[in-house]
Ligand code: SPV
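The chain below stands alone and is given in structure tokens; this is the form predicted on its own.
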Amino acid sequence: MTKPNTANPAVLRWVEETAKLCQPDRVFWCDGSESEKDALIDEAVARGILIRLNQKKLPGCYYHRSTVDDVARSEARTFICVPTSEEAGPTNNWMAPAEMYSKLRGLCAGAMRGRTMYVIPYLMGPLGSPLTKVGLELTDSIYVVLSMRIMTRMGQIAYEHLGQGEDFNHGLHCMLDVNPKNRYIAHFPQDNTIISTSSNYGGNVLLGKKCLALRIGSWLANKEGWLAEHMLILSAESPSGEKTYVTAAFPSACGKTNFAMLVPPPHLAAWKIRTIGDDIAWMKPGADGRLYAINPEAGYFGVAPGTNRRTNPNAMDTISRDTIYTNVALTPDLDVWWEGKTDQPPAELTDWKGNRWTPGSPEPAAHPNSRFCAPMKNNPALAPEADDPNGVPISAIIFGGRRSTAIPLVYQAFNWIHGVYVGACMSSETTAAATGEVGKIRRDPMAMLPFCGYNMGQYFRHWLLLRKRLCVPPRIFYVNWFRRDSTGKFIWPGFGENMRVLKWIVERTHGRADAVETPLGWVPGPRDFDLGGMSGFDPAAMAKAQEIGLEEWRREALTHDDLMLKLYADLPKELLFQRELLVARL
């Protein structure tokens, strides 16, 4: 056992109790230092857990390959463990805490024999922020240690924030044999505890991310009067130097990272977009009645396929060094490749399963949910406010999903309650970020369906009540970059051109852009949207992207009932009224 680097009695007691249960050969207390990182990387490479990539092309970068049945979030094996199923709600998997603890203690008993238990202290949020939370993850995975070092503010800084207090998240991760039958990602909100077993995939085992930041975080937020949301945060600076702060909620693999790191097209090059966060926002009403947001993370755990110099040059710069790649393909000289990185694939690769791959191979070279894990500080477009403990005031909240039909490019909700309804009825075509069928349309309220740590009807109520504490509530918008025409081609070019949508949104928040009323909400009129410099995209194409088919939307409104009926017992009546108003307008 290495020497503990804290005297906090609650921490020492919990580590000792967990070590007695898991029986590791060794306990390693992480301090977050550079020398520790170098030693752990060398050990991981020696044991074949990581592959050292071409250091001339990708300095400080390494490759990790997971097992073939451990490549995405396991939503079916994710549980909220509270006293009653009503508290968890019908959209969560539930198990009584005593029953789940008994099951997991049986799986974890002696699970680390022959292994090392790593003690990872970390912060979610900037040091000194009133929203920042302390976590302690105990794991037998070097991959988790090195990834948590990137994704969080890891090391002694966490003990500094905690002091002698006992308010920290208790996280335990046991790899076991990575057998899906023994895979559980269990959350105990009332104990501030997370236990994950038999997985080594990031979303299931980097316990500060979705587990603490969203599932436990949303439960704490409801209790303490703030919001924990699956949202990016960006700063949009106009040519005059005016900064507007925006959050946006998209389901996984629907373009959050691209939008957070957006590079404006030449026509709007005078605008500056800076990234505060690409995935999670913690937001709380300030003394001035505005909603303030922080990014609790310190890194990016992004989807690799589709990322390239054209779609996201800032991401490509960010992941060019000090990055861990998971389940991408390898070139013969130990560079990385994935579908969409270049127009033409290399002549030969080693695929994500470790097999020889050529352009004629029947399967993708990289897994569709292959990932990069990169430090926030690498981002050339990182906003200086990213570490501000006070957060930034939010002027606009954007919801959006991946829909090939029905949903227009952009519209604005009429007011806060209507905006909550719009977010509650979000839908998206499923992607490879979660296990299950790809391409199926599902309701994903506020992009939080897999991440809300309590009854979603109560979650909507919490959003509605928060309005009473806001003198200047953010305006709420909905976007859809993924609408297709009759030939299956995307109507809107997306990526950097999304700046045009963002520009209209920003100007609406400041009362400087007009709009036209429709049954769905306010939309930009023909003269309200800047199409200057767009080759091959004219007002007719814009009208197609913004088309609202009344018959199509009458059918769409009927599908809202699926979620409404599931949550009916706890659904705020305001949302039922909003549904009736929508039907009446249609």
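This is a predicted model, so every value here is computed, not measured. Numbers for residues come from their place in the sequence shown, where the first is 1.
Keep in mind that the form predicted in complex with the named molecule is missing from the display, and what follows is about it.
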In contact with the named molecule in the predicted complex (heavy atoms, 4.5 Å), from 90-98, 77-85, 161-169, 195-203, is stretch 195-203
Please tell me whether the candidate spot formed by S395, R475 and E507 is one where all three residues come within 4.5 Å of the named molecule in the predicted complex (heavy atoms). no
Under a 4.5 Å heavy atom criterion, is S428 part of the interface with the named molecule in the predicted complex? no
R153: heavy atom within 4.5 Å of the named molecule in the predicted complex? no
Answer yes if any heavy atom of N455 is within 4.5 Å of a heavy atom of the named molecule in the predicted complex; otherwise answer no. no
So in the predicted complex, does D279 come within 4.5 Å of the named molecule, heavy atom to heavy atom? yes
Considering R274, K209, R500, R149, which brings a non-hydrogen atom within 4.5 Å of the named molecule in the predicted complex? K209
Work out which of H367, K341, K133, H230 lies within 4.5 Å of the named molecule in the predicted complex, going by heavy atoms. H230
Any residue of 62-78 that, in the predicted complex, places a heavy atom within 4.5 Å of the named molecule: R73
